[in-house]
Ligand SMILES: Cc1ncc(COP(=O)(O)O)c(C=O)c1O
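First, one chain by itself in structure tokens, the form predicted alone.
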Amino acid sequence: MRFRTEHIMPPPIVELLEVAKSWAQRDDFLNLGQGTAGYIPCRDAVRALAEQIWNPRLHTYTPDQGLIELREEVALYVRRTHGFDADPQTEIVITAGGNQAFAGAVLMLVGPGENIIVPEPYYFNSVMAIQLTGGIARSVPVGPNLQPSAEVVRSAIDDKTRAVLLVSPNNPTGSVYSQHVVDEIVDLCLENDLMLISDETYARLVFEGARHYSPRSRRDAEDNVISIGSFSKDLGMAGWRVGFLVGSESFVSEYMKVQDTVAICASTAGQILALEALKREEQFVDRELARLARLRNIAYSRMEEIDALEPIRTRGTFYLFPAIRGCTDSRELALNLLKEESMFVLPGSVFGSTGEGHIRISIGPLTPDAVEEAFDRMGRFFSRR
């Protein structure tokens, strides 16, 4: 029997983690592949959830759109961190993570043969979601400054284009898109009556004076912009699968058909934990951002010492995306790093063809000593080449 998913690549991180499994049992194994922030939700939020463990509401469905208390807290959160207002009654949906929010939006927008324009390097799950609908991810390269170009996006638009995707701060590059770049692409979407899907999963994870700019803060573009968020990164809730989608009232009304079909609702316990964590978010997350900033400084300093690495210093996320001098097969290089130094990184090629010759390094879960050790090993590895 043939399956309609056979043309879609398997999730590359799952495949590569399977390869890494035998090394993962070793005491010296360093995992710099998976995108986790390296912390868990704050203790007070977890305690507040634990106190409700026998509450019957914890063990049943919430409304499809999510707990109204959480939607109200998300409205405060996006006003504070993203700079826009959203009606918790009609414009916010709580989803089972950012991935589900994006996949649901794609199901609404894209049919077979239609396309979404995706700046590359891209997050591979986004491309997989587009392909699941029979749609096409039309990739366009970012510039040498790792920012997308409105003119390059314009050249890719045709009569089958339904949307443009922006991920800022970006996975895998860490680039924080400038307001000027984002506004130009918003204008382009308005001009062509396209939807702009803004993945803002890493909105809080900005450093060195960078500022996250959300296109939904443009009041003239509210009908054409969907904002997607997740609590997996900034609140350390990856295993709880809670995210959100913000769109116009008409978009959210239609989105609920997808929500009820695919998930019914996000995890009830996860929603309650997210609610409690958001109430304590500012102080807790600021402390973790200071920790991540220290790790980034160490990592960028150490990369400068290794001639084989060509880093571009970006100001978002906990990812580094250096080019490797002379590398034409990043997958082979990543496997050799694993075999020779018991260290797992992601090959840039899994983020699209323009990612070839790069590796993605995730430092979120590491300690300062582990970052130092990782680059000691990389230095040894490249000195043998």
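From 1 onward, residues are counted along the sequence shown. Every value quoted in this text rests on a predicted model; they were computed, and no experiment measured them.
One more form of this protein should be noted, the form predicted in complex with the ligand, which is absent from this view; the next part is about it.
**Student:** Can we say 167, 202 and 230 each have a non-hydrogen atom within 4.5 Å of the ligand in the predicted bound form?
**Tutor:** Yes, all three are in contact.
**Student:** Name the stretch, out of 193 to 201, 285 to 293, 265 to 273, 86 to 94, where some heavy atom lies within 4.5 Å of the ligand in the predicted bound form.
**Tutor:** Going through the listed ranges, the match is 193 to 201.
**Student:** Would residue 259 count as a contact of the ligand in the predicted bound form, using a 4.5 angstroms cut-off between non-hydrogen atoms?
**Tutor:** No - in the predicted bound form, heavy atoms of residue 259 and the ligand never come within 4.5 Å of each other.
**Student:** Check whether residue 251 has any heavy atom within 4.5 Å of a heavy atom of the ligand in the predicted bound form, and answer yes or no.
**Tutor:** So residue 251 does not count as contacting the ligand.
**Student:** With heavy atoms only and a cut-off of 4.5 Å, decide whether residue 161 touches the ligand in the predicted bound form.
**Tutor:** So residue 161 does not count as contacting the ligand.
**Student:** I'd like to know if residue 319 sits close to the ligand in the predicted bound form, meaning any non-hydrogen atom pair within 4.5 angstroms.
**Tutor:** Yes, residue 319 sits close enough to the ligand in the predicted bound form that at least one of its heavy atoms falls within 4.5 Å.
**Student:** Work out which of 98, 247, 215, 148 lies within 4.5 Å of the ligand in the predicted bound form, going by heavy atoms.
**Tutor:** Result of the distance check: 98.
**Student:** Can you work out which of 315, 241, 302, 279 has a heavy atom no more than 4.5 Å from the ligand in the predicted bound form?
**Tutor:** Checked against the cut-off, the match is 241.
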